[in-house]
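Listed next as structure tokens is one chain, alone, in the form predicted alone.
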Amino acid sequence: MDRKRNASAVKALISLIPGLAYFLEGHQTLSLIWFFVTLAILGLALWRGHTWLWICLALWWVGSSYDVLMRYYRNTSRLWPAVLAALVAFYGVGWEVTEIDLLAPFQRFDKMKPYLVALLQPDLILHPEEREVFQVPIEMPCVKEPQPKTIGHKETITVSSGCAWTGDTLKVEGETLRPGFKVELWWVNPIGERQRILKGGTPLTLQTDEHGRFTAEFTVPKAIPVGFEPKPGEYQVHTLQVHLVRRVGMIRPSDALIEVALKMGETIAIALLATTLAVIVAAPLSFLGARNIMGGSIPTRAIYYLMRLFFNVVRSVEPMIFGIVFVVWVGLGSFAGMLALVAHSIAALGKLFSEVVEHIDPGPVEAISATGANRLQVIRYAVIPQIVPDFASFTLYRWDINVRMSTIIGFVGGGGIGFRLSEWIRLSAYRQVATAVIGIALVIIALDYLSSQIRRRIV
């Protein structure tokens, strides 16, 4: 009786250190998990300094001890209270550091509305236009007394001031222009970047009356280029463009739609070449990263571990980082984007291919090895016939992924539709952005359906 009481007392004491208790019971993995989770919660509590985190740490410890006692005396597990405490700590800190504000999307919806409207009106068709442009130089900022500015003789454009500060309100008037023409106002900064003049978040569009007149007020946009700010006492010359526009001829596909189609073709080609080159390299490397192929001796096991390390390290680097590296190395364009995808795809496919090789049926391998075949013959006749369907399936899946990745890599100069999309976003050309988004979505949907059908037939 005393021995049982002593054993129970020892178990109760050991349960106060759950990590040790798990280890003594043979649950080494659970012991390591408990140790690292404890360190993580302790680190969060020390970092943020909140009382509730220390409470979570205490509840995690108590919950783990409770689980140990249940395992000792009832041979069952009750780990969920401890897990709940750990989740509260992790998600609580995550919520705090991300500064989540659930009301912000509703409170600031008015700022997003103009962009949503533009995105719902993609630039798909074009009405050929006759366009006459009047240009009025505007000095920014004002370094002298503002004075009205007039250009033209018979057809005149008058601006209330020839100089302005960002955010100023200017009045523009047109006289004796062509009647019935649409009027668009554009602002051009000294380095040639153009943007439409907005009012209420939408492009300001007017029309000349029967006498060829129009009047409008607008707010001077923020258009001074970053890094080109004028020094105190100096100014830059910006340009207010007044476009008189009239539709002529039949409608046709817009320039944005044509460019999206061409760039999507370029994007698909980048992904196709990257995937093909990656497969050529990854397929043979995958055999070096398969334990059942390379586990025969110490040198081959060393090669196996080095290859697995290579796959894991390269896969951990985002394709966009590779894109930046190759843009610096070989310059802007599709070639840099393709090389970035090749580097990442080699590691990703190598890891997947090696796992396929590791999970093949060992029967054919043992049978051919028993005949005295060497390692290359075993791979040729026992391994390759089993892995071809899965290799083909993963290759198609990777091509699908690379099409999506190539869009993102374009943002750092890797060519394809992403490069053009980044330019349109920078210029606030959201109708063109909507066209690109639609094109990307349609291509991804089509490729996803096609690759799934091919994979289904292969597998």
Partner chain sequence: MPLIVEHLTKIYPDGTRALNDVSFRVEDGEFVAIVGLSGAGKSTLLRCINRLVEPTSGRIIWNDIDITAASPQELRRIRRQIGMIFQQFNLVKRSTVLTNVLSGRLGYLNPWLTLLGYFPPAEKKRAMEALERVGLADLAYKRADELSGGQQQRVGIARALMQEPRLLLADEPVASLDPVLAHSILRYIEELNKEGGVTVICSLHFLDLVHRYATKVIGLKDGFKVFEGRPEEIDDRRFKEIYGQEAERIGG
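These numbers come from a predicted model, not from an experiment. Positions refer to the first chain, counted from 1.
Omitted here: the form predicted together with the partner chain. The next part is about that form.
*Asks:* If you check His127, Arg380, Arg194, Arg131 against the partner chain in the predicted complex, which one has a heavy atom within 4.5 Å?
*Replies:* If I apply the 4.5 Å criterion carefully, the residue I get is Arg380.
*Asks:* Considering Asn374, Gln207, Ser316, Thr166, which brings a non-hydrogen atom within 4.5 Å of the partner chain in the predicted complex?
*Replies:* By the 4.5 Å heavy-atom cutoff, the listed residue in contact is Asn374.
*Asks:* Looking at 385-393, 96-104, 271-279, 213-221, which one sits within 4.5 Å of the partner chain in the predicted complex if you count heavy atoms only?
*Replies:* Contact-bearing stretch, as computed: 385-393.
*Asks:* Using a 4.5 angstroms cut-off on non-hydrogen atoms, would Pro364 count as touching the partner chain in the predicted complex?
*Replies:* Taking the distances in the predicted complex, the answer for Pro364 is yes, it comes within 4.5 Å of the partner chain.
*Asks:* Since only the chain is shown here, I'm wondering whether Ile368 would be in contact with the partner chain in the predicted complex (any heavy atom pair within 4.5 Å).
*Replies:* Contact with the partner chain, yes.
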